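Next up: just one chain, as structure tokens, the form predicted alone.
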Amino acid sequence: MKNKIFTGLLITCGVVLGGAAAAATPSATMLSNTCVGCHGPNGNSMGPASPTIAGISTEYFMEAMEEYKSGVRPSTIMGRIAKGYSEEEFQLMASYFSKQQFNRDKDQNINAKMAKKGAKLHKKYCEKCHEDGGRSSEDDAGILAGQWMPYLQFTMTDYLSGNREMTKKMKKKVNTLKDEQGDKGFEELWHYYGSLK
């Protein structure tokens, strides 16, 4: 009789402790839901100040979050948010967002003439890393095609001002673009990326 009671207590404790341990690690969906306010449902941004992060590569997501957490990447609020998560939680979110479909159906005021010029500039200066017209997340590059144009402009301003560090390869291409095309070249690129569906 004592063995049955003892065994029953062990099973009960195992269930209780197991449930508590399971509750201690939130699911990828639960963690990712905290991003909806800025990055939209499933990572598809509804506003021009925040990027769409659906379809982002896990490596790019992890790198971005670690940079926000350490303060290397400038932000308005992401640095404070990132400090609240562990590396394991970043990995869960990265896996979740990498599997989401990027929705490019955004209502942006596109200048077709500028977008056409931007397509040529993309091919010359950006395609090597931002493949498939900026749609690819391969090579751990950010997705440009279909992003909000103001977000792209804010990000490039951070790069050009030195607030955000560019890779050597990117810096060389960006400086060449600026020297050869001026600020208008960047604007044409934004129209190109904004026009892609």
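Numbering starts at 1 and runs along the sequence shown. All values reported here derive from a predicted model rather than from experimental measurement.
This next part talks about the form predicted together with heme C (HEC), which is not shown.
Although heme C (HEC) is omitted here, in the predicted complex all of Tyr68, Met78 and Arg164 have a heavy atom within 4.5 Å of it.
Though the partner is left out of this view, Trp148 does not reach within 4.5 Å of heme C (HEC) in the predicted complex, counting heavy atoms only.
The shortest heavy atom separation between Arg73 and heme C (HEC) in the predicted complex is within 4.5 Å. Of the heavy atoms in Glu131, none are within 4.5 Å of heme C (HEC) in the predicted complex. For the chain shown alone, Asp140 is a contact residue for heme C (HEC) in the predicted complex, at least one non-hydrogen atom being within 4.5 angstroms. Residues from 38 to 64 that approach heme C (HEC) in the predicted complex with a non-hydrogen atom closer than or equal to 4.5 Å are Cys38, His39, Ser50, Pro51, Ile53, Ile56, Tyr60, Phe61, Glu63, Ala64, in the order they occur in the chain.
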